[in-house]
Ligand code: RIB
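What follows is one chain in structure tokens, specifically the form predicted on its own.
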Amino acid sequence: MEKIKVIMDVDTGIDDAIAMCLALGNEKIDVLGFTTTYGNRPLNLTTENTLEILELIGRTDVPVAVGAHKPIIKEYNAPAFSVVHGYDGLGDMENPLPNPVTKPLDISAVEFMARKLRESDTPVTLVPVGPMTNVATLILTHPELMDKIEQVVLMGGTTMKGNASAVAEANIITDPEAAHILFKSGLKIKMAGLDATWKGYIGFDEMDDFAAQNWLTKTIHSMCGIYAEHYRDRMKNPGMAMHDSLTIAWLINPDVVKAEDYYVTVDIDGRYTYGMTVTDVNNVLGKPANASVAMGVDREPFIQLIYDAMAKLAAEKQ
């Protein structure tokens, strides 16, 4: 079986950590490395969290390269610590994860991505699950490598209601100009946005079962207090949305995602719609589709993929 070569671009908070486990715990995915960005928390914390998760699951062999610490144009204002992921980005656990022994590479995220694209004998899939700054910078600085990118499977965007403004999703509005560059790039894009990711959740009634699976799910469960409160009390969701994991699940089993092809652009001018992924669902503009947009998810097999990956990782480290 030929594995899918992936570089994940992460702003590691709780759902990023789970997506990392899904990618590293599934035999169909070959993770070439992780690049880090600001987003859920500032860059120093998201990088530290990425290394901590790799230490936790015994995969310190996977390289990590540090990327952008702010958007291309706008200012970066870190979210309030209590909103979703906690001050440290991993739920402010009572017993936090040990400090990582490994260090990031001494080259930047963009240099790392460019190097891996050059070295690969087959095209590589990029999976940004935070702001798109690193990927946009790669597009601008290495146009000669675009043919080496198989596709970009991103977590971000929405066709309807937002979670960071009335109409914008958090990863996109954090750096709309970067997202605008990506959607205009001509690359093959899959957009795993809020239309689908809010529906891909671990139910609150399933949390005890999740924690009881193995030592790894128990540890991840201990991160999820603030995260669960956010989705139960503020978002009124039936469970904790596994936003970032849907990108990887889409690669592993495309049938778990219900998608439609649309033309998508990002508003970088609007007063009320700044950062909105403007999705032409009715083809009013008459432009050819440039993205496959996730509109729904088959929740139970999606969540089972996460359980199976964590079981595999837990067994390998025992």
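Because the structure is a prediction, the values reported are computed rather than measured. Each residue number is its position in the shown sequence, starting from 1.
Keep in mind that the form predicted in complex with alpha-D-ribofuranose is not shown, yet the notes after this line are about it.
Answer option from 109, 182, 155, 138, heavy atom within 4.5 Å of alpha-D-ribofuranose in the model of the complex: Selected option: 155.
Sole residue of 222, 237, 163, 213 within 4.5 Å of alpha-D-ribofuranose in the model of the complex, by heavy atom: Exactly one residue meets the criterion: 163.
Residue 129 within 4.5 Å of alpha-D-ribofuranose in the model of the complex, heavy atoms: The answer is yes: residue 129 has a heavy atom within 4.5 Å of alpha-D-ribofuranose.
Contact of residue 171 with alpha-D-ribofuranose in the model of the complex (heavy atom, 4.5 Å): Residue-level check for residue 171: yes, a contact with alpha-D-ribofuranose.
Any non-hydrogen atom of residue 175 within 4.5 angstroms of alpha-D-ribofuranose in the model of the complex: No - in the model of the complex, heavy atoms of residue 175 and alpha-D-ribofuranose never come within 4.5 Å of each other.
Any non-hydrogen atom of residue 40 within 4.5 angstroms of alpha-D-ribofuranose in the model of the complex: Yes, contact at 4.5 Å.
Option from 155-163, 117-125, 200-208, 91-99 whose residues, in the model of the complex, bring a heavy atom within 4.5 Å of alpha-D-ribofuranose: Residues of 155-163 come within 4.5 Å of the partner.
Partner contacts for 222-261, taking alpha-D-ribofuranose in the model of the complex and a 4.5 Å heavy atom cut-off: In sequence order, 243, 244 come within 4.5 Å of the partner.
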